[in-house]
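Encoded as C-alpha cells, the following chain is the form predicted alone, with no partner shown.
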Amino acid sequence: MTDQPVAMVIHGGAGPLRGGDYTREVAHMRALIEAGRDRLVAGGAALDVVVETIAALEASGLYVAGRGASPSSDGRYELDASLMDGPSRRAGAVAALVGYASPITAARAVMEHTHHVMLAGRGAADFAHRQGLKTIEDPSAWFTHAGRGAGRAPSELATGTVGCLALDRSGALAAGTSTGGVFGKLAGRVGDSPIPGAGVWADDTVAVSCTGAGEMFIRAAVAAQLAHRMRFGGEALGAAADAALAEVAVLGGEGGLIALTTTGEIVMPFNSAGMKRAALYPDGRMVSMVF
C-alpha cells in the first residue's frame, strides 16, 4: 500500500426531468461519497467500496436500479449489473435477474465464484439462490418505481442507472454499473449496463461507468472505446470521453459517463439535460449535483 491519494465517482443516471426536485438524491450521493472516502482513506479496497456503494444506491429506491426499477412489458422486474476489477480485469455480471434485491452483489458472486463473466435470466437467479443472496418476497411492496413511468410518454420518463468508480491507496481501480433498464422494455431486454466494454470498464489506467440509451452505448462500445482511445491512441481522458460520447449522439442516443484514472483525474460528461453525479477528488474536494 502507498500513500497515494484516493478518489471516487458516483452517477445516479443521465436524463433527469427538468424541474424535478432531486434534493434527496444529491444529499444521498454526497453521503455515499463521504462514506466511501472514509473507507478508502482507511485502506479499503476499491472493489469493496464500489460494491458497497452501488448496493446502497440499489437499496435506496431513489434511482432506476435495484428497488427503483420499473417492470418489463410482462410485468416482471428484470435487473442488470456488472463489476470490473482494474488490476486483474476480472469481471462479473448478471442480466435479466428476477427476484433478488442486489444485482451488483450477484455480479460480484459471478466474478468470484464462477469461471464465467455473465449469467442471465433463470440461470442467474438459480445461481443467486445457491449463493444465498437476499430475495424480494413481495415485488409490489419492494419496488418504488423511481422512473415514474405510469402514464408518461417515453420522452417524459426519468432514468437512473447507477454506477461507481473508486481508486484506492494501492493505486487500484474498480468500476460497477447497475440498472433496472428502461421503462416498458420488452421482457428479456438487456442494455449496456451489464456488458463489460459497453457500460462498464476498468483496467490499469482508467475506470468507466455509463448511463443513457443502452443500445447506442453497446453499438459504440463506449466504456472500452474510451479506455482504448487512451491506451492505443494516446488521447487525454477528457478528449477520449468526449469522443466516445459523441459517437452515441451520432447514433441518435443521449446519456453520460463517469471516468477515473489511476492519477485521480475525473471527468463526468453528458449530452442529456443533466446527470446525477458526485465525486471525491484526490485533494479531498467533494461535489454532488444533477444539472
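Keep in mind it's a predicted model, so treat the numbers as computed, not measured. Residue indices: 1-based, along the sequence shown.
The protein also exists as the form predicted together with a small molecule; that form is not presented, and the subsequent description refers to it.
Looking at residue 86, you'd find every heavy atom of it more than 4.5 angstroms from the small molecule in the model of the complex. In the model of the complex, none of the heavy atoms of residue 219 sits within 4.5 Å of a heavy atom of the small molecule. Although the partner is absent here, residue 182 sits close enough that one of its heavy atoms falls within 4.5 Å of the small molecule in the model of the complex. In the model of the complex, at least one heavy atom of residue 211 sits within 4.5 Å of the small molecule.
Put simply, of 134, 90, 76, 189 only one has a heavy atom within 4.5 Å of the small molecule in the model of the complex, and it is 189.
With the partner left out here, the small molecule still marks one of 68-76, 191-199, 107-115, 93-101 in the model of the complex; by a 4.5 Å heavy atom cut-off that stretch is 191-199.
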